[in-house]
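Laid out below as structure tokens are two forms of one and the same protein chain, each shown alone and named structure 1 and structure 2.
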Structure 1
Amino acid sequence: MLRFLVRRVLGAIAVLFAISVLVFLIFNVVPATNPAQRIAGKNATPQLIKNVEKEWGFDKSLPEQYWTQMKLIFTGEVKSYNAHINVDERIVEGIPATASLCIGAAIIWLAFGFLFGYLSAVRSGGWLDRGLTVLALIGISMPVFWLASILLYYFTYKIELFPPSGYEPLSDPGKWFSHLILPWISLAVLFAGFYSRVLRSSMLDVMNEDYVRTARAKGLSQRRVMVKHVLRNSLIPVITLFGLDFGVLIGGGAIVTESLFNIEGVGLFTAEALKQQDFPSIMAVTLFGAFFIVLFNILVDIGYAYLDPRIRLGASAA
């Protein structure tokens, strides 16, 4: 276990390092415009641009710039080019909103994904299965904008059931909930559809296993066989996906949902940073997001060992 953790943590650090270098190269070697010019403004004199270059360190060599950048991000002193705000603080401020959005959406999509997936597998081939399959495919194919626009238009404008948009802190649970319910639904629909498909096919595979026949032969009830033997052993692909998906979202991946509903979380900050090509913010946000992806990958592997005692952490390939 310890060896596994050490190896995975070292691997994670290597991946994060590679990602930071990649982002750095994207914004420095594929130069769109001179960052100094962007900071100095449209009508800057050459002298002003020179000063800015000096002040922000753009005249240094690339490795040196990279090093300074990383030092600033990890000491929490990194400033954005545009508004000159502290990027790390801004990300931390966004965490409650992003976490509220992602955790709520995850509960909805897991509940519906499991319910629909379980029902389709148990009734596979029947009309219920077919109906749920169509629903799931529609969910998977739906662009988030489309659903979000319809929800926004209908529920906040036509019948004014929910407040328009924005995020309210949890200190007022009623407001918090009513502001988040539409974003939760928009974000959850695609995942619910996809997870129900994955769980269904995973359960169908497991149902053909010998130990399921044994369990039936022992005289266990259908429900007990399905829940204790089939469902539990079908969880691995779902857990894998959930780890990846949730890691991406919690790290600020819900860029579109957050900007559509104006939820001031990490995703909205990312969208703004990208639009303004604010390199320090993009770098910090990317590392923040990649950290969660890597972290959840490790958690998924630990989850495997818990679900299936046949999997040993030490032996699993990197």
Structure 2
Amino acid sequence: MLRFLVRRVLGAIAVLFAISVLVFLIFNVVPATNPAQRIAGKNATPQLIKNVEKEWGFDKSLPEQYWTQMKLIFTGEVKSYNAHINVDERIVEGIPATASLCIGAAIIWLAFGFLFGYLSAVRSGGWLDRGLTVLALIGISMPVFWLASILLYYFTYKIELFPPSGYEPLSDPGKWFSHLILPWISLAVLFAGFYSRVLRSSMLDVMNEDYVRTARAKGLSQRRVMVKHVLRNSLIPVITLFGLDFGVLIGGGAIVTESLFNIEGVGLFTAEALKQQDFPSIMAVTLFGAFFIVLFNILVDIGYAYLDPRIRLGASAA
């Protein structure tokens, strides 16, 4: 197991290095314009552009430029010349809000995704399966921005059941929950429908495996066969999706939800940086998001090894 983890961590480091090089090339080398001008902003003075060139190492060779810029980003010294803020500090400040949004939404979509997927697979072809299929397809078909707008209009402004948009710290659990319940639902509905369909399909495939028929032939109860043999071996595609989806959301992928509900997290900061063409902020957020995607991919691999020892043994043998 240790060898398996070491290989995954080394692979993740290599991927992060490749992503950092690609980001550096895209933002600094590929465009035909002066990179110092883009980073300094549209209304930058000639003196500011010269300062940026020196600070970001644009007067040096490409390897030195790469090292200088990665050092600025990863040591917390990169700053936005448009917003006049420290970019890394702003990202760190936004993590609690983004984490609260994503973790709460993930709990909801996993709970309903697992419940609907399991019931659909167990009652495959019946009226319950057809009804849950319709609900899942409705959830998948509803755009996040549309659902969020409807929820805001009816539950915040029409009947005033929930407070206006914004984020409250967890230090006040009541306000924290009331401000996040609508964003959680908006973000979770799409994923819940999709995950239920994936789990249903995976469970139906596993039900036809020989070891499942053998378990039934041994006299095991239907519930034990479904939970221990079918459900557990159906989770690998779900874990794969969750690792990718959750990593993207934590890394700033919940842009639409945070923008509509005015949640000052990483997603809202990303949207503001894109709107203002704030290149230092965009670079930092891109690498921040890549880190979380790679991190959750490692966790997915660990989940694979736990659910299916053949994966761990195969990696160790290789």
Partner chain sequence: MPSESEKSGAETTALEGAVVSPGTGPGGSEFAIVEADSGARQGGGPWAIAWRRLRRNHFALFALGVFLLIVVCCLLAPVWANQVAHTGPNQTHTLEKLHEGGEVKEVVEPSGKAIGPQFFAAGGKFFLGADGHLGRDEMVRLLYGGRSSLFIGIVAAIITTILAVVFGLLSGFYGGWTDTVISRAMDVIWAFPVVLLAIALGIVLAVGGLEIGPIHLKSSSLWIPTLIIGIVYTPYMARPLRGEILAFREKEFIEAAVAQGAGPSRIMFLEILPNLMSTIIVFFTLNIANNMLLEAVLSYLGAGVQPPSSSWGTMISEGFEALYSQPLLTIIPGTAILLTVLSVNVFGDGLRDALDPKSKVRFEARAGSSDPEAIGPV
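Predicted, not measured: the structure shown is a model, and the values here were computed from it. Residue indices: 1-based, along structure 1. In this text, the rigid core denotes the largest set of C-alpha atoms whose superposition between the two forms falls within 1.5 Å.
Where the criterion is the form predicted on its own, structure 2 meets it and its counterpart does not. Once the cores line up, the CA of residue 71 ends up 2 angstroms or more apart between structures 1 and 2. A displacement of less than 2 angstroms separates the C-alpha positions of residue 274 between structures 1 and 2, with the rigid core held in common. Superposition on the rigid core between structures 1 and 2 places the CA atom of residue 292 less than 2 Å from its counterpart.
On rigid-core superposition between structures 1 and 2, the C-alpha of residue 61 is found to move 7.2 angstrom.
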